[in-house]
Each structure stands twice: as structure tokens, then as C-alpha cells.
Ligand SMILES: CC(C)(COP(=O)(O)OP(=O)(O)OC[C@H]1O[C@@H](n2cnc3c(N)ncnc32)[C@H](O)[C@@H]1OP(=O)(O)O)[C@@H](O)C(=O)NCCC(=O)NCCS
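Coming up is one lone chain in C-alpha cells, specifically the form predicted alone.
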């Protein structure tokens, strides 16, 4: 080994890092955007942890997440903090008044109802009100989609108060069951509220 190769490299004091390396790269502190298929793995990791620990079932499996984010990314919304996904909502279009088993896996392009499949928050960001904030942002987003008349979802009974606080109303027991799980079906009148707002004189 030569003497030169044994001496630790020390950068001469007069050499400066290029500006691109010296500047600290920053990401938006908080950002809301539609999700893409590239986000599917991050989405599924959050969903799996959130639901498997509670009910033992995931609303969407990884291939289904990719499926909906490919077909209708505009019906999803992710909350990112410094580039990291911390919460998300995924929906698809449905064309019947009530949800059926087919609604769990199908996207009906000519439907007027958004079926909200899942809302989940990363475990380290729970109990901070992020779920309520994200749902509010998502419903505001739906107001700008002229073909959407209402949003529908099904949830376990203990989640009914959460969705009622966001403006959802109970339709009744869902005909859909997943194993031993039973659900309450709820709806939010997207188009009715948008019409009232446009004609309120404000």
C-alpha cells in the first residue's frame, strides 16, 4: 500500500461544493394530491396495518389498489408531509342506488356516485384529526367533479359517528358482508350541496 493511499482524503479548504449539493433540498411541508399507481405500495402498507390489526381484513388488496389508481386516480386523494404519504382516500364510480358485492371491485365509468372504499391514516399520525381533515378535503374535491351526485360508503358501526361528523347520513344496513363483518351504508349528497352553494347568493 502506498503512503498516498493510506492517508485519509481531506478536501482542500479552497474547494467548495457545487451549489446543487450545498443547497438543502426541501419538500412541501404538507401537500394534497391525487394518487398514482406508483403510490400503491405505500398506500397498501398503511391500509394493511390500519385494518388487519382491527378487523383482520383489508378493504383493498394491493392489486385492487393498483387497479383503482390506474382506472380512476382522480377519485383518490393522498396527504403527504415532506414527501411521505401519511393518509389517503380511495374511491371509484358506482351506478346503483345501493352498494352490492360488485361495488367492492368494479369501477363504473358512467356512474354518478363515488364509492369510498377506504380512508386510512398512518399509525404515527393518528389521533391528530387528520382523518377528518382529509375527508373534508376529499368531499370538497368531489364538488368540482360535475358528474358526481353523491358519495357512498359502508363502515362498521363504531365508525358511524365519525362519518356523521363529516356530513354523511345513514342509509341503513349494507347488504354486503365480508366474512363475519357487517356494515352500515352511508351517503353524502355532493351535488345537492354544490347546487345550494352556487345559488345561495354568496
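Positions refer to the first chain, counted from 1. Keep in mind that this is a model prediction, so the values were computed, not measured.
We do not show the form predicted in complex with the ligand, though everything after this point is about it.
A.B. asks: I'd like to check something about residue 131: if you look in the predicted bound form, is any of its heavy atoms closer than or equal to 4.5 Å to a heavy atom of the ligand?
C.D. replies: The answer is yes: residue 131 has a heavy atom within 4.5 Å of the ligand.
A.B. asks: Since only the chain is shown here, I'm wondering whether residue 120 would be in contact with the ligand in the predicted bound form (any heavy atom pair within 4.5 Å).
C.D. replies: Because a heavy atom of residue 120 falls inside 4.5 Å of the ligand in the predicted bound form, the answer is yes.
A.B. asks: Taking any heavy atom pair closer than or equal to 4.5 Å as contact, tell me whether residue 163 reaches the ligand in the predicted bound form.
C.D. replies: Within the cut-off, so yes.
A.B. asks: With heavy atoms only and a cut-off of 4.5 Å, decide whether residue 159 touches the ligand in the predicted bound form.
C.D. replies: Heavy-atom contact with the ligand at 4.5 Å: present for residue 159.
A.B. asks: Please name which of the stretches 69-77, 92-100, 107-115, 123-131 has residues with heavy atoms lying within 4.5 Å of the ligand in the predicted bound form.
C.D. replies: Within 4.5 Å of the partner lies stretch 123-131.
A.B. asks: Taking 4.5 Å between heavy atoms as the contact cutoff, choose which of 176, 50, 152, 142 touches the ligand in the predicted bound form.
C.D. replies: Spelling it out, the residue with a heavy atom inside the cut-off is 50.
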